[in-house]
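Take a look at this single chain, the form predicted on its own, given in structure tokens.
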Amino acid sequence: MMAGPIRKVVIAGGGTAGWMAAAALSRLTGNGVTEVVLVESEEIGTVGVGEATIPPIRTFNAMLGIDENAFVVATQGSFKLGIEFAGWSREGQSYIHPFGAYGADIDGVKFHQVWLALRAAGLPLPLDDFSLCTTAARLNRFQRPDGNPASPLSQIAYAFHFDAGLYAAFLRRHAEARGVVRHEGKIGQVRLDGETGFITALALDDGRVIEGDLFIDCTGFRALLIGEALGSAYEDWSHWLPCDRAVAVPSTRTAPLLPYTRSTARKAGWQWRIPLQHRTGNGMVYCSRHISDDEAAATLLANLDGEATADPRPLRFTTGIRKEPWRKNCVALGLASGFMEPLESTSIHLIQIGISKLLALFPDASFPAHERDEYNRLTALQWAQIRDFLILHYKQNQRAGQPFWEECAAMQVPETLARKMALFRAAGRLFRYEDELFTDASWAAVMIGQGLMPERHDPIADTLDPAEVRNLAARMADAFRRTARAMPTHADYIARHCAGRPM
């Protein structure tokens, strides 16, 4: 193909993935050359269960120039300081995986190593006491961070809960205002060039033909372009992440409005709880080999905090990744590119990183192979790193007497995860590799929260003065407690700054 600018980008499918892509790619319309169009049908529903996010979503919204308060109002959103895992280590126990750091490194020694050394010396304070996000979450408090690095509030990191359907609608307005053109219609055929195999056009059921240069597949699990038309194979990860079904249902909002997502371990899977301003999002992810669909739905409905406001909605999936998420002139985003259960709220983030990598490697009309290959390499790496983090939750459970959980605890994990667990088990050592999403603090939170305690701490921590470190740690924990108590409640903060309209 001849080099030259991409003149037309065609996004197949709407929903969260499609409109995130449209909003981000709308900047291309400013070059006077490139058109961006999106094809979707109102008759085709979207999954719409990805209502919890992680902090990088703030970077994406900022890149679009979105006012944060306006976004929270429009999506009936709330704020999120982390995820509570109830019963994942064993029944009756819970821990929070917070956003942000634990304490502060001391003389180059990682804080979790300082904490391990102090714990060995008899310090009674739990690791949670050194996380402002955890402390505030337990008190149902929230406040945005302070830009002053000397303030404890500088350690606040946050994300959002929001209605995914309202978010897609919000982004649609943003994208269309910047030149993106939407076409209503069902895709009947994907036309390919007989010589190159590239996609040339989408033929709609009503006879219209949408031609383009670059195609973005946001058609969900069907993967109409990347899978059905181009034949990009799917790599199945269900031997590591065996849950293959979910059921979702909204319920009435209850008080207090929690500033965190809750994940509760159940018989053969787990239940999510996502608090929004106008309702609560609920669902259960489960393994169909260990529990029936009816029992899973009954378990979910029996454990709601409020009254269900709709019938349970089922979803089937196979965890894994498209081996070539960029094939020829098509890039897959969202469910078309793969699926990992929303255990750590990464679903929307995986769309975001796909978009950011596409922007960083945006091709010309010759579609250089090295740009496509680098996109696929980086995507595979990040998906595998997130996969390993999710597997850790299942592998490190201690729920004896339950076949599903015992099976997970006994499974062989990827070598990359086995190595990470072995390094931490021996001396609490953690390393972050090549653009990895989850920080040392995140890995430490889940490993320690689920009972994987290091056998010893790093000896470098013993070079610090014990009395000075003990005093400094006590002052840190006290500062976090006082700061959290002084924050407004989560509900009050939203009422003052970004309350949505009653629905």
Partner chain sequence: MPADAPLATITIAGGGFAGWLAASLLARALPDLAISLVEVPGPDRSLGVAAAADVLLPDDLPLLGEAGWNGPDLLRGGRAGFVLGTALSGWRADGATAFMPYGEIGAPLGPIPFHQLVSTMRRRGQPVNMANYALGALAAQAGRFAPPPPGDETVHAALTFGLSIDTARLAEMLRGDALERGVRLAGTWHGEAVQRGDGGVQRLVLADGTSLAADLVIDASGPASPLSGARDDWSPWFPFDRVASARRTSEAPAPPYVHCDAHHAGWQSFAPLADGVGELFVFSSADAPGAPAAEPFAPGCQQAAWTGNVVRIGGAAAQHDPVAGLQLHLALADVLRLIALFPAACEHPAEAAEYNRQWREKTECAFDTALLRLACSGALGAVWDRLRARALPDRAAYRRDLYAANGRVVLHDGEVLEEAGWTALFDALCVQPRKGDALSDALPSAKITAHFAAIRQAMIAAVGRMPPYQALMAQVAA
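Residue numbers count along the first chain shown, from 1. For clarity, every value in this text was computed on a predicted model and none was experimentally measured.
Missing here is the form predicted together with the partner chain; even so, the following discussion is about that form.
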{"property": "Interface segment, criterion being heavy atoms within 4.5 Å of the partner chain in the model of the complex, picked from 428-436, 128-136, 234-242, 249-257", "result": "428-436"}
{"property": "Heavy atom distance at most 4.5 Å to the partner chain in the model of the complex, all of E374, R456 and T463", "result": "yes"}
{"property": "H370 within 4.5 Å of the partner chain in the model of the complex, heavy atoms", "result": "yes"}
{"property": "In the model of the complex, D364 touching the partner chain (heavy atom, 4.5 Å)", "result": "yes"}
{"property": "Distance check, G65 to the partner chain in the model of the complex, heavy atom within 4.5 Å", "result": "no"}
{"property": "Contact flag, R27 vs the partner chain in the model of the complex, heavy atom cut 4.5 Å", "result": "yes"}
{"property": "Heavy atom within 4.5 Å of the partner chain in the model of the complex - residue from A177, V209, A360, A410", "result": "A360"}
{"property": "Among the candidates A150, A302, A422, A400, the residue which, in the model of the complex, approaches the partner chain to within 4.5 Å (heavy atoms)", "result": "A422"}
